[in-house]
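Just one chain is shown here, as structure tokens, and it is the form predicted on its own.
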Amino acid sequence: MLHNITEAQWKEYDEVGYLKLGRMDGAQLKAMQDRIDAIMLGDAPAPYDRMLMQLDSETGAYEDAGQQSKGHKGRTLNYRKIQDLEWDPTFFDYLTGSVFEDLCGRVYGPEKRVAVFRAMFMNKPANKGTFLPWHQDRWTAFDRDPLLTVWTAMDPATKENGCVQVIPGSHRYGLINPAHGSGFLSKAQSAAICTPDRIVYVELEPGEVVILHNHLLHASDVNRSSQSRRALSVCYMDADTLDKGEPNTLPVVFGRGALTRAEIDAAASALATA
């Protein structure tokens, strides 16, 4: 089961930039698996008007993935990305768990208001998927970078089906390509830094959870297997972060003014347009 992190584990996380937390409750995992499939297939009411959805690439190339925009894009399990899942009750219940509140308190401070930058389903369908190049998660529009991502495997995540790859300790390098708006490395930088001897493949069982420092270099390959690789990635950030100099309007999930389940239920009901 998921558990709070010990001091020894925090030391390990600070050193390498990622840490496995354990496995989530099996019934909750099944509910999330069923819910995301229903969202992709349009089989149940969902707040599609609020969800950014992107179809997978047919070629495996990152630049060939579908348009990222709000709304359902057809009945298929071949979505690459579905964002804004904090507005869905099933996923809201998971990402507001006490273990994650404790993590955010440690990273941002116990009295800090914490927002969700993005609660995002990432999918590599069987024998498909898109190559995600080496990068650090950061966005130049913000006056401070988000620092914590929680990544939950909803299927087995293996080297064969495109699990996350990391360069341990690379979060301590600083920003490698600060001019890039989303932290992607150039081909030359990737070749020089992300050498095969440095790469660790973060293989996970269904329901296993890993936390990642946002500056940790990571990438993922295409899916070369008959097993899909579904996952939930939640990026938590300081709610006082400015976006292009203005207060952001991202949903607060921990601390003063945090969203309640009643508010999520009301919003989902009002926006359901299956």
Ligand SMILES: O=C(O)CCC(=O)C(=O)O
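Sequential numbering from 1, following the sequence displayed. None of these values were measured; they are calculated from a predicted model.
Quick note: we don't show the form predicted together with this ligand, though the next part is all about it.
Inset, instruction - Give a yes or no for D137: in the model of the complex, does one of its heavy atoms lie within 4.5 Å of a heavy atom belonging to this ligand? - result: Close contact exists here: in the model of the complex, D137 approaches this ligand to within 4.5 Å, heavy atoms only.
Legend entry - R106, heavy atom within 4.5 angstroms of this ligand in the model of the complex: It does not: once this ligand is placed as it appears in the model of the complex, R106 has no heavy atom within 4.5 Å of it.
Legend entry - Any non-hydrogen atom of S170 within 4.5 angstroms of this ligand in the model of the complex: Taking the distances in the model of the complex, the answer for S170 is no, it never comes within 4.5 Å of this ligand.
Inset, instruction - Tell me, yes or no, whether R118 is in contact with this ligand in the model of the complex, where a contact means a heavy atom of each within 4.5 Å. - result: Yes, R118 sits close enough to this ligand in the model of the complex that at least one of its heavy atoms falls within 4.5 Å.
Inset, instruction - Work out which of W151, F100, Y79, F92 lies within 4.5 Å of this ligand in the model of the complex, going by heavy atoms. - result: Residue within 4.5 Å of the partner: W151.
Inset, instruction - State the residue from Q227, S233, Q54, Q28 whose non-hydrogen atoms include one within 4.5 Å of this ligand in the model of the complex. - result: Contact with this ligand in the model of the complex is made by S233 alone.
Legend entry - Segment assignment from 175-183, 143-151, 194-202, 108-116: heavy atom within 4.5 Å of this ligand in the model of the complex: Among the candidates, contact is made by 143-151.
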